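What follows is one chain in structure tokens, specifically the form predicted on its own.
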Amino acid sequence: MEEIDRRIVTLLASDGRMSFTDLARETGLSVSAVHQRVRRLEKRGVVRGYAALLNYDEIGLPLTAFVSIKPIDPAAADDAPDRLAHLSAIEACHSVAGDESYILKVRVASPSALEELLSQIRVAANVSTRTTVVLSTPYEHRPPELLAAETSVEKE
């Protein structure tokens, strides 16, 4: 990835609503050049979309937890993500190495809502769970630092 594209991606990661005019000013490119580069980054899948960052306390989902899941039957099909996709309280599902198979990030309204969600997860995916409740989040959604390093494509 070119250095100027890295700069554009870093700026958009910090502020997805940054205008093409502001991106042009920050990068030293023309507005049309920035527009073309952003569209190309979107087409390549580097920029996959734009989203609002929510205050979960304000929308009634103040409790965040990480739920590690492990199949009760290790020989069973590894289809937990598909079995759990209908549960909207699951914000993210990460396949992980270690004792558990997946770690889920969940957001709910209360401890009782978490208890109910854990029951739904266990039944839907036939898994055991281990839960860690988040007490506070000092930071989240930090933009990556994109260093001017060689990529595998540039090495070839």
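Every value quoted in this text rests on a predicted model; they were computed, and no experiment measured them. Note that residue numbering follows the sequence shown and begins at 1.
Heads up, the form predicted together with a further copy of the same chain isn't pictured, but that's what we're talking about next.
Think of it this way: in the predicted complex, a further copy of the same chain has a heavy atom of just one of 36, 95, 119, 128 within 4.5 Å, and the residue is 95.
None of the heavy atoms of residue 22 is located within 4.5 Å of a further copy of the same chain in the predicted complex. Taking the partner from the other structure, a further copy of the same chain in the predicted complex has a heavy atom within 4.5 Å of a heavy atom of residue 81.
Proximity of residue 77 to a further copy of the same chain in the predicted complex: non-hydrogen atoms within 4.5 Å are absent; the residue sits far from the partner. Mapping the unseen interface onto this chain, residue 88 counts among the residues with a heavy atom inside 4.5 Å of a further copy of the same chain in the predicted complex. For the stretch 36-63, the set of residues having any non-hydrogen atom within 4.5 angstroms of a further copy of the same chain in the predicted complex comprises 45, 46, 47, 48, 49, 50, 51, 52, 53, 54, 55, 56, 57, 58, 59, 60, 61, in sequence order.
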